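Provided below as structure tokens are two forms of one protein chain, presented individually as structure 1 and structure 2.
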Structure 1
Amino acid sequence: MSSRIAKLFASAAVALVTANAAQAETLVVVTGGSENMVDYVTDYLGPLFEEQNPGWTVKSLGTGPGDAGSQAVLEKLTAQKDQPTWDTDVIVTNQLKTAEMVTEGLLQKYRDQIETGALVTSDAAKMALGTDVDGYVMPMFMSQTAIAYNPDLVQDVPTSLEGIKTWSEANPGAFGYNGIKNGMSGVAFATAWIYAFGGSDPKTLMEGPYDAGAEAGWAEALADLKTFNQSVTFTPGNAGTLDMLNRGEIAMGPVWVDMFYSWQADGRLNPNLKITLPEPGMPGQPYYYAIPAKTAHAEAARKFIALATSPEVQAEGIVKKFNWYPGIDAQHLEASMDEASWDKLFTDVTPADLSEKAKPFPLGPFFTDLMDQYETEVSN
């Protein structure tokens, strides 16, 4: 564990001692995500839980985004493994590290013990990069990639990766993406390309088992992608793709949906721009709510997660505040949302589109092979 993370946990421990002197119980929520995820618990979800559960205080602690933040949570739980109880009650972590925690016995099953557990049916609630996490997790939200486009410049919008390939060849330079080194929207597009043209069942890449033989068609697909890249404009990153779309320098490109809608809401993006989710689909990734195996407050932790994954909170907190797709099935939110908010998020990409075409990233070994082969076969 880094010294920075150790100090964060030490500060939290001091805060807990102080809090426990004044409060009957404290629920500790540790988030291995971006700062806005920590703020979400501190400013919105925690106070809502405290209001509904008098005598409880929610303490929120962030360990940082990406694998490093979730790794710090894993290390924290591992360090306490031999203790009778642990001082963390709820964690919010990414797919990779959550899967490792399940494998190492650091989490407990709880989903069938909360009423909202039945509201999620996505594959992401069952498998995390090839690891069975069914019952151990509830998705906090789904971050999804899609294709953004300018309808003034794209009249016949491609509905598939095959259509995008054809359209880009006919419109040199009008499709833009950021490759695989400058942001995950480009990585997601390269992954979708392999799902579409890699020659094997994408389900094998997503669920395993890992078998290098499933990559037999990749060489041809990547050679095709190298040819495709000769007709595209490379952007400097996720934000760069949106900037170039906004300036009309490109007409189409892969983006993160939450970033797309947040920029439109902030007035940073042409309100006429739209998104589509082409066949066979594009990857996204959730962050998970999970409960450490030896939390001292398992019942309160389940109540917290049930609240966080209720249709009302998912509608207000996840969809309206952040423009993320919900962690539970979107069909359960419509009654809790005003028409304008619902239409904004689900007009271009419908709940049915998400159910059919929102894909996970491939298993870790396949993902590593894809990045390596892209570098060798496409970038060079």
Structure 2
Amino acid sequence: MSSRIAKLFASAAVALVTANAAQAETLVVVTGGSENMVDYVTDYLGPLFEEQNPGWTVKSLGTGPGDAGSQAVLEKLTAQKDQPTWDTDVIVTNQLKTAEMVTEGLLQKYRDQIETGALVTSDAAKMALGTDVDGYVMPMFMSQTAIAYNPDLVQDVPTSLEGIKTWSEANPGAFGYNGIKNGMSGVAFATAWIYAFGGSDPKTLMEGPYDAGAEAGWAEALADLKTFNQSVTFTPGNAGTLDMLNRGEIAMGPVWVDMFYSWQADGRLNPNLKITLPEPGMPGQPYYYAIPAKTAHAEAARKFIALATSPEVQAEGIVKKFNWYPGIDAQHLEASMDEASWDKLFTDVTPADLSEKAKPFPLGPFFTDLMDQYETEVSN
């Protein structure tokens, strides 16, 4: 290499290094969730943070829906465990895996260090499927599953899981869900099935203590579910259920309420479709913001989460733009919201429905047993 070219390269390298230093820092946000959650950080929250904090860039990464997406985050953090600093600053993960991360010491306590920490009082901010996560998490939003249906094809809308069972037997192939491997709405349906037909009081499953004896009636319920599965259509995912409903290939199926309303608002879903929350209820879950134990940017991470859980962002971003139920207490949002946007969330599923029939997922060990038994008894 001639010395002229070498000099050119050297100066270019110096320019690059100094530019990087001047450019300040990057905040890495890793999201385990469906596409809409990644969009939320990429399109809305990230740019907002960058605007308020000049010099910062938010890099957002999605690891996919369901347990699998959050498991990927868990594995990423575990792999870096022995490093002095980790490359992930903020994570957004589901209850089951966040609880595991707290137990394994992969997260740091931060809620009392941010001003919005006091705005959350719900149980979901303290307990995740029976594990104490108090202080380690801020709920990003609450989401709920429900049964979506096409009123043109379903005349007598079933109001309970028992009703869905009978309806599906009379209309083979018209009920669709995504099993347990293709997203959480299917898992939610299987859970609701156990709440309804599992024999024991669902309260035990949700609040504990864990007792394998409470699973006595599961075998029969799961055998029933196996029979039920003979008359349903399997869909390729949370989005797949909505797609098939939209194309009229199925008439009814479990969906996430937020996804349902967002798709309808975007014109991606038949505006006539409706949702209902059947007896005895279906589970929902929050997704959590958490900070990995050894992040290099803890302060910026706290700032980011404080912004994300501020009443204004919760009102504008979570409720209005993305149709989720807020992660912080709803009373703090009233000042920032117009009534119409608020009411939109409660068109089909009323607040009374929610307080009566919105359930959490069962405790971690029950949940794992349920997934295991579904695989051995129902799908194999």
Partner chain sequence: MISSKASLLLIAPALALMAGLFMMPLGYSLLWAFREEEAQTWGIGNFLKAWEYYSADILFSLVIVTLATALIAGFSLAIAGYLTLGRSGWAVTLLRWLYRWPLFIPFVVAAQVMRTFLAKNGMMNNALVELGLLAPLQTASYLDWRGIVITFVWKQTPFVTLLVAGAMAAMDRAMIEAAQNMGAKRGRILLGIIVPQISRTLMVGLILSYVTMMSVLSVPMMINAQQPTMLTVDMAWRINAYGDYGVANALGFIAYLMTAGVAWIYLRGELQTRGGAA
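Just so you know, these numbers come straight off a predicted model, no measurement behind them. Every residue number counts along structure 1's sequence, beginning with 1.
Working note: structure 2 is the copy from the form predicted together with the partner chain; the remaining copy is not. The chain shifts as two rigid parts between structures 1 and 2, and residue 331 rides on the same part as residue 306. Between the two rigid parts, the smaller one rotates 33° against the larger between structures 1 and 2, as C-alpha superposition shows.
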